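Here's a solo chain for you in structure tokens, the form predicted on its own.
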């Protein structure tokens, strides 16, 4: 196990390195430059040359049915970083050495004086046989594009099916991703690719042993459930998935769900480079950070977003792993990194949620803004406006926000 690092063992010219250009990583990189008035050199590392709007990747129906490009899902980093003096380096993170203050990429090595880890998460399969090999996932751009292509082929083939048979899509996981994906597929107009006789997919949402939309306000849960039922989604609750075979999902009670495709939305965990760090970890391999978002015993190293386990210092409750929370953490991490760099005091992170909105397909959504319920088309319009404003802010290099 690495020992706690010296306050600054790296060369004075070493930069602040930010790993991951997701919601938290991109925001913290730009925040460091603004707060330091461009005095702190920043290197932003990501395996892709684009910032992915991950909160919109559930919109696979739109891509599958219309064949649209994925431009609405991405923002080129060259555009958003132009004029910011943040240096971008493309590469996949293989190892982080906190003692030597170096990051090994598939494209070389980067030394750092300060570090922010915002590498996001990956799908967690919990040892379920066949789950990784036989399901799709929409947590990453590549996975969403692949599943959209599969949906397109499934619907094209549906016009040749005889009788009343409809292609079945099984979605595993009753959180926000699974819910939004189920509603999206169930309410998509498939006629552009399958003709007037298109057979819309039968959508089955397996929520497992956990409550549907666990952690969301009861008003959101109730309206989301009713919206899914109206859209024709079948909700299967109470049993987790026991195994997944090609074209078949088996539940713990022995129920077998034959399907044209299955999607895994049942959970997330920290990626391997984060799980391998010799530091305190919390649930799903996330780094258990201090209230300042620093890694215990490693001053100047911060973890934000889905890679971090953050507790509210007032209540001890876990901060949710959402894009909204990630952006809030990024603002504090940027401020604290600049303070650490300059020998100034650090501040604790205190999270205040503004609200939540769950998309429910075809211009519908449900949510709560500062505990005030909002639903139907107004909620859907609000969600779209927030997503649009976020993308525009990123493109302009301005501080983004999300509810």
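Numbering follows the first chain given and starts at 1. Here the structure is a predicted model, which is why all the values come from computation and not from measurement.
Here the subject shifts to the form predicted in complex with a small molecule, a form of this protein not shown in this document.
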| query | finding |
| --- | --- |
| The small molecule contact in the predicted bound form: residue 306, any heavy atom under 4.5 Å | yes |
| Non-hydrogen atom contact residue 310 with the small molecule in the predicted bound form at 4.5 angstroms | no |
| Residue 324, heavy atom within 4.5 angstroms of the small molecule in the predicted bound form | yes |
| The small molecule contact in the predicted bound form: residue 47, any heavy atom under 4.5 Å | yes |
| Interface segment, criterion being heavy atoms within 4.5 Å of the small molecule in the predicted bound form, picked from 92-100, 232-240, 201-209, 187-195 | 92-100 |
| Proximity to the small molecule in the predicted bound form, single hit among 119, 86, 249, 263 (heavy atom within 4.5 Å) | 119 |
| Contact residue in the predicted bound form, chosen from 80, 135, 301, 177 - any heavy atom within 4.5 Å of the small molecule | 177 |
